[in-house]
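Encoded as structure tokens, the following chain is the form predicted on its own, with no partner shown.
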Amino acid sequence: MSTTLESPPQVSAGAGARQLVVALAGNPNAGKTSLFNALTGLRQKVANYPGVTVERKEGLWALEAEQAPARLVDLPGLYSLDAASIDEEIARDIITGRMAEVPAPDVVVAVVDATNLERNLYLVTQLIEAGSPLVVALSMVDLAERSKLEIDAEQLSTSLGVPVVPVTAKSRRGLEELARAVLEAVGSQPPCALWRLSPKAEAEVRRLYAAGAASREGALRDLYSDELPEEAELREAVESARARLSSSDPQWWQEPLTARYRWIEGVTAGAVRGAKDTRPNSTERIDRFVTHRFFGPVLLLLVMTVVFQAIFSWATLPMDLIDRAFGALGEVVRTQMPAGLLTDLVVDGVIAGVGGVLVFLPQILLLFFFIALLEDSGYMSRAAFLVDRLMRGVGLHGKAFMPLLSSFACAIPGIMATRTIENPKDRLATILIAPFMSCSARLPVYTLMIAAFFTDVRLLGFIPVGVVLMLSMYLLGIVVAIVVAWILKHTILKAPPPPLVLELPPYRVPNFLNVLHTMKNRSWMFVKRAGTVILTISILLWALMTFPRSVVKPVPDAQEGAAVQAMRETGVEGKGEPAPSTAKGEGDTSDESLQLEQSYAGRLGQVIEPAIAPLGFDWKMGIGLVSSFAARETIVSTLSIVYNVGKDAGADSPSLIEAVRNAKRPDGSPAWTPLVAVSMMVFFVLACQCMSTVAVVRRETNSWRWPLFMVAYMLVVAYVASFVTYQGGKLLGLG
């Protein structure tokens, strides 16, 4: 038997045959992800459905040896086909064949949690009516047996009218039987709904069928749908039927729900043997501590501390290794290629751009390792439950805490982690405030400013001002994020307070295959999709800092020092004639500084100087602001070049710190003061100076509208806050 189909549906591997399509549907936490990974292994891909941020997972399922594998589509987790969310709408459209990108499934596999049979069978009753051949995969049978429940799969199959196969993904129990059941279901007669309404309601359904409804399911849908049919005759019949039912039962519209569950109760009564153990199980005993009013938050704080510490510190070594590897690769390429623009493009644009993407991989892998671990174990739902009350106060969902916490390490994995938030508006609000969390890329900026002006300064004689400032920057980002979230949720993302409807699944030992799949898929999606945008912007920024090429006029060595010093003292360096230089070759910081000042980025810094002057910044700092869009920490290397220290100087480099302290304006006044340093720190806390973040927001929202909005509003907030800081400080005599 083959896994390819011709039309009409027949199993064949001949010419013109098409690939078999199988859809995997089920409730959240029913074991669908574990089964999908067990069936597809590494042969799967993850993307987004066009126009929405709902994840699309597909894989290849080898149903039978020596046959082409089937295309397995993992539908979003859903409780019902009555679309109440984008996820459910997409799942419904795929099952009914309305999704253009995915062919109508030849078979639907419904994953049913054996420990929650009644709740899961509600979706099965709707899938039966959808019109596609159906197979039920009964998951978590081992957990049901531990609860003293024995489920008769054959009896359940007879009652439902569809094949039922017990499966256990971890031990691969029942997977071959499931494959055979799917192959046998291909091209078979779709199942019929066996549940029935009350006699009065059934009579109205028969009348509608006689009045022109396409089928019993169509008549049922017309009768209980929110919308009326377009055909005038059928619409009149539906209105009359509703009026008759309403006169006899004010709650007539609940009839399908109650009838389904009435039938489901009868099905489960015949298929389930043994009474469920009423003693508290291990999950209930653990939850007495985990969800406790006091001990629960304490445990959550400890767990999040470990996660944060891991993302923040454990990733440091691999990130440094990646950074050094790309640095070494750039040096090798530079030595092997002839000097010129092409070499600069490859090294400073392409290699540096790719390195700027891959350096975040350790943090992304660690974050999704912990997310997958917490979700697979069942703890993530408890954590969301514990923080929901706090998050709801500003209009956010309880599940927003993990992305925001992760953003302290890096906003990129934090934004990617918002995929756990189902509601689109709640997810978007979390994405738009995540960059306010002070990520590790801001630390070099804080370090440089504190080292230059606040190293030996103490409050009350013993409290280091640098520590206070560092803590203040973190708190400032948190406070502004809370305020912005409240504003967003009451304006453009206005929505009622998000209700937290959570299922608390039983605790399980995490399936490390699921964990590895999550890490692989998330990292690859980031590299493939976000990387292209980041690389493009890297090359653009390289061009801005490279062109136009400055013309260096050699002067005698004896005259060089005096000429350069004279131009710097008069403040005309970079604004008039090029500064004298001997062009002593590679590594000459005067040439690098001159090139940067004469470039489009340098000219842009001079153009924006009137706008940034009220913040205490001059045009040289403006160059740093422009270049830092590539990555916040690049302002350090940019200032090193501007002040002729050398681009490899770090934030704690004595030469750079001294250069910042001694920098002068054209009138001879200090360019940097403690107040300017604080103003710069405030600006970097609140501004979105990170193209990688912008690229990921574009990728996660499927639109340029939201990332551009985010950059614009964060820039306004940063400007206003920095303006108030600098001008307020001057009024108080601190400048």
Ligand SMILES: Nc1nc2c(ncn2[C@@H]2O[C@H](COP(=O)(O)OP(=O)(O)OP(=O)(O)O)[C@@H](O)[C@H]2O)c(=O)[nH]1
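Under this definition, the rigid core comprises the largest set of C-alpha atoms superposing within 1.5 Å between the forms. Keep in mind that this is a model prediction, so the values were computed, not measured. Residue indices: 1-based, along the sequence shown.
The following text describes the form predicted together with the named molecule, which does not appear among the structures shown.
Under a 4.5 angstroms non-hydrogen atom cutoff, the named molecule in the model of the complex lacks E145 among its neighbouring residues. Contact annotation for L432: none of its heavy atoms lies within 4.5 Å of the named molecule in the model of the complex. By the criterion of a heavy atom within 4.5 Å, V298 is excluded from the residues contacting the named molecule in the model of the complex. A residue is said to contact a partner when one of its heavy atoms sits within 4.5 Å of a partner heavy atom; R508 meets this definition for the named molecule in the model of the complex. You can rule out all but one of 703-711, 33-41, 64-72, 675-683: in the model of the complex, only 33-41 has residues with a heavy atom within 4.5 Å of the named molecule.
When you look in the model of the complex, the only residue of D376, E255, D618, E422 with a non-hydrogen atom within 4.5 Å of the named molecule is D376. Of the residues M140, L396, L121, A411, just one reaches the named molecule in the model of the complex with a heavy atom at 4.5 Å or closer; this is M140. In the model of the complex, not one residue of 609-639 has a heavy atom within 4.5 Å of the named molecule. The Cα shift for M140 between the shown form and the other one, taken after rigid core superposition, is smaller than 2 angstroms. Superposition on the rigid core between the shown form and the other one places the CA atom of A91 2 Å or more away from its counterpart.
Relative to what is shown, T125 and T420 are closer in the model of the complex; their C-alpha atoms differ in spacing by at least 3 Å.
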